[in-house]
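This document contains two forms of one protein chain, each encoded as structure tokens and listed individually as structure 1 and structure 2.
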Structure 1
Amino acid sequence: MCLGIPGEVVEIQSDRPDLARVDVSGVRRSINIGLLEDGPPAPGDWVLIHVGFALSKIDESEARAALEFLESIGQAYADEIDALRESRID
């Protein structure tokens, strides 16, 4: 199962403006932000992530509610976090 998961933008990579570093439940990874239609996010913004791409910006309360729900479903969320830990975008 693949889930869209919320992540908080930590930084935009200066040498690659199409990539941002995000924090998802303590896991930090680079993701592609090139698909966002409403402009690039800023540090502190929240985005919905699917397979390494930010699909949309979301507000913090929506992100927190989504994280609570995802954590409540158990193994599927744990599997997604494990996959995120192992993923790399260079």
Structure 2
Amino acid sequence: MCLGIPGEVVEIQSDRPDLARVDVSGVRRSINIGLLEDGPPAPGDWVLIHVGFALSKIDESEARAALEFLESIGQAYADEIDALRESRID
């Protein structure tokens, strides 16, 4: 199924430049970063982990855009529900 889980890079190992220490909700593992394009990640970057490899760096601006859409549709829905409630009260 290709289980991929986001993890936060906490450390690049100086003795093993192909490995990064990654944290997933308090669980840590050394992850191979040899497949990442555009160079090694920095601590604080988020990567997608699959079978011990970082498959891609998580694009924060893309994540923000996706969440903003979800927020906007949630807001529109909330407004609609509010309007519906008010109309019932009237």
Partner chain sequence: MRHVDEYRDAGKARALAASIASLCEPGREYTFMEVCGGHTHTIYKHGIEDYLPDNVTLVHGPGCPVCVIPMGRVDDAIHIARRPDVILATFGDMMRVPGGHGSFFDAKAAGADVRMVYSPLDALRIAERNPGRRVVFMAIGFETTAPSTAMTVLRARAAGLDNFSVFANHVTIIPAIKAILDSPDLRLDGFLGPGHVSAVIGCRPYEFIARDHRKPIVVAGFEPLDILRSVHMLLVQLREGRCEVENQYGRVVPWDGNAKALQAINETMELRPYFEWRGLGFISHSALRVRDGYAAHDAERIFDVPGVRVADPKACQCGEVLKGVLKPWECKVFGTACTPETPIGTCMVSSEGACAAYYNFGRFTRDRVREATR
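Just so we're on the same page, rigid core means the largest C-alpha set that superposes within 1.5 Å between forms. Computed from a predicted model, the values in this text were never measured in an experiment. Quick note, the numbers are simply positions in structure 1, starting from 1.
As summarised for this chain, the second structure is the form predicted in complex with its partner chain, and the first is not. Comparing the forms between the two structures on their rigid core, the Cα displacement of Arg64 reaches 2 Å or more.
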